[in-house]
Every structure is written in C-alpha cells, then in structure tokens.
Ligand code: ARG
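Just one chain follows, in the form predicted on its own, and it is written as structure tokens.
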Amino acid sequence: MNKKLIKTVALSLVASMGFLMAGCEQEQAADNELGTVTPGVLTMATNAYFPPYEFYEGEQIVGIDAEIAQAVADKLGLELVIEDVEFDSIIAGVQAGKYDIGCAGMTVTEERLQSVNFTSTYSTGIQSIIVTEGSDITNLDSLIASDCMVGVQSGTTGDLYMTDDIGEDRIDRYNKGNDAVMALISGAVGAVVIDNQPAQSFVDANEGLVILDTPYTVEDYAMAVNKENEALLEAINNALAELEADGTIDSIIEQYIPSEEA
C-alpha cells in the first residue's frame, strides 16, 4: 500500500471516528435533557429504615417511596437507582448534585427549601409519639411538661419540631428510627417521636410499646430536587400528576397502608 493511500485511509478513519463521537455526544445529550446525575438514570437517595415508605426486603429496597419513584422513572424513561444513606445527608447530597432526588418520607419545611426544591406532594404523614405501656406521658402536653429525654431520627421533622418544643438538651438523636425505639425499650429515653406508619411498624414488632392517640403534627411528603434542575422538577411533577390521576399512587399506598374500608 503506497503512502498516499495509507494517508487517505487514515484520514477517513479519523473522520469516521469524529462522526461516531459526535453521534454519541448528541445521543447522550438527548438522553440527558433532564440533567440527571447519570444520563438515563434517576438516582434516588433514601434512608431505607422507614417502613412502609422504604425498607429492605432481602437485599432490595422496597416500600411506598421506592415504588412511586419507580413509577416516576418509568414515566420519564429512566432507570431508577436507589442509594441508601443517612437521612440527614440526603438534602446536602441533592444540593451538591450527588443525587437527583431525595425521597424518604420527607416533609417540606422552610429550612429545607433554602437548600432544595420540592415536588408536589404525593402522600400525607403524621408525626406520632411512642411510649412504653403505663407511661406517665399520655399526651403531647405531658411530654413537653416532663423532663424525660426524647428519641428522634436525626434530621427528621420529628427532630426539628421536638427540638423547637422542648430544647436541645432533651433530644437524643439516632441515625435510624429503630435505634431510637431500642433506646425507648431500654429506658434510655422516655418517648420517641417519628412518623406514624413507621411508628406502627415498630410498635407491632415490639411488645410493650404504644402510640399516643393524639398526633403530634400532620405533614405532606414530597421529593427533594436540586434547585438548579428546573427541567427535572417539572418532569417529575407532570409524572406525579399523571400517576395521581390514573390511580397509581393511591394503589401503591393502599398496598402498604390499607384503608379502613379495605
């Protein structure tokens, strides 16, 4: 093969590679028009110790949040990847662009809105108070008036609200809700404040615990999204609206929290 022919072939190969690379870049750009951390993937941060919203079934994370996020990902044509992290690192991770969404029975608060945006709400939660049977604490007023320590999951609204109501000195924070419940059983704390559905799961699994009749607060759950990613926020809100309209969200919640009529 002469030098002229070799040069022509080489130039053709370079040009072909250039077209291929340009094509790949265009395809990736199209795939990632929602600005996800990884093209084609919706990366969700959660804390998988919050049944029935997220928990482990074998090695798989399941629950209300996991299924709703999967339904949203399907609507958007994305693969869902769930990362199990400490609850109080979720907002910072979404803000830093490490995760696309934070979905962990997360309530919209003014403090969190300073760091992230939130989608429309998809479920309602209730903060409840767990005590041991026969406890002198019978309602919120008696809890506030007492001098007992209160166990909370770090960074949750139960943590935020109770700190405001009774002060930092009476709060014991735990990475997992179950750890707070174990502290209650051992007598290290006199009450635990946590969302009602996980509270019910913990009470069912541990004899001698009760949930006070009066709820502490009622709040709405939403997904946290990076403030700079308006396209993803809009797309998720559209998907949630469709899933609400066609009954998918109600069906998922009913699967884990059967209504009284069921």
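In this text, the rigid core denotes the largest set of C-alpha atoms whose superposition between the two forms falls within 1.5 Å. From 1 onward, residues are counted along the sequence shown. Quick caveat, the model's predicted, so the values are computed rather than measured.
Same protein, other form: the form predicted together with arginine, not shown, and the subject of what follows.
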query: Contact label in the predicted bound form: Ser128 to arginine, heavy atom within 4.5 Å; finding: no
query: Distance check, Tyr221 to arginine in the predicted bound form, heavy atom within 4.5 Å; finding: yes
query: Ile101: touches arginine in the predicted bound form, heavy atom cutoff 4.5 angstroms; finding: no
query: Arginine contact in the predicted bound form: Arg170, any heavy atom under 4.5 Å; finding: no
query: Option from 208-216, 228-236, 32-40, 50-58 whose residues, in the predicted bound form, bring a heavy atom within 4.5 Å of arginine; finding: 50-58
query: Residues in 128-145 close to arginine in the predicted bound form, defined by a heavy atom within 4.5 Å, in order; finding: none
query: Core superposition between this form and the one not shown, C-alpha change of Thr217 at least 2 Å; finding: yes
